[in-house]
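Just one chain is shown here, as structure tokens, and it is the form predicted alone.
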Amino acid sequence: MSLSHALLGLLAIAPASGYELTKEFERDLGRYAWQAGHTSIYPELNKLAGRGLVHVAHEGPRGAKTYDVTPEGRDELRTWLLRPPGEGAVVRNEQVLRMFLISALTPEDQRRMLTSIAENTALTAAEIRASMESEDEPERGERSGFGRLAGEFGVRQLDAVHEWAEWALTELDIPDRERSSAQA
């Protein structure tokens, strides 16, 4: 994924200024999916405009610009959204990398790491659930309720990681000989 696709998606839902887009990234979108600040959002909007994927729909006082997605931008977004996840993407998953390298830690530190993962995933899943149950923010207009499917995806993913961390902690208690004979 790239920032350009995130911006195209937000603008496809509703036209917005760079400031409004920055605020979206300060909410759940930035916390759980993709982080971006105004120093990257404004240059990316200019690049998208240069490629004809967005245009300035309105220019307000003090040069404030409201951007909207063009038909070409919608096509680009659609193509990206319908492409199977990971196809043509560079894999960078810090959490999985940590699991590949966990054996570099002492058993005590492995347990500390897995316990932390279990605790943090349970806490974050609870936070997302609470956020999804709270009332929508009316000032967000068309993006009110934005991310319900993403929220549920996040909760289920966190629940799965939590369950895995609990399982991994029990695996640490099984001596290697017992694990080998049980797999045979």
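Fair warning: this is a prediction, and the values are worked out from it, not measured in the lab. One-based numbering along the sequence shown. Just so we're on the same page, rigid core means the largest C-alpha set that superposes within 1.5 Å between forms.
Note that the form predicted in complex with the DNA isn't included here; everything after this is about it.
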property: Contact flag, Ala64 vs the DNA in the predicted complex, heavy atom cut 4.5 Å; result: yes
property: Non-hydrogen atom contact Gly18 with the DNA in the predicted complex at 4.5 angstroms; result: yes
property: 4.5 angstroms heavy atom contact with the DNA in the predicted complex for His55; result: no
property: Exercise: Arg156 in contact with the DNA in the predicted complex, heavy atom 4.5 Å; result: no
property: Interface stretch in the predicted complex with the DNA - options 124-132, 111-119, 148-156, 55-63, non-hydrogen atom within 4.5 Å; result: 55-63
property: Core superposition between this form and the one not shown, C-alpha change of Arg27 at least 2 Å; result: yes
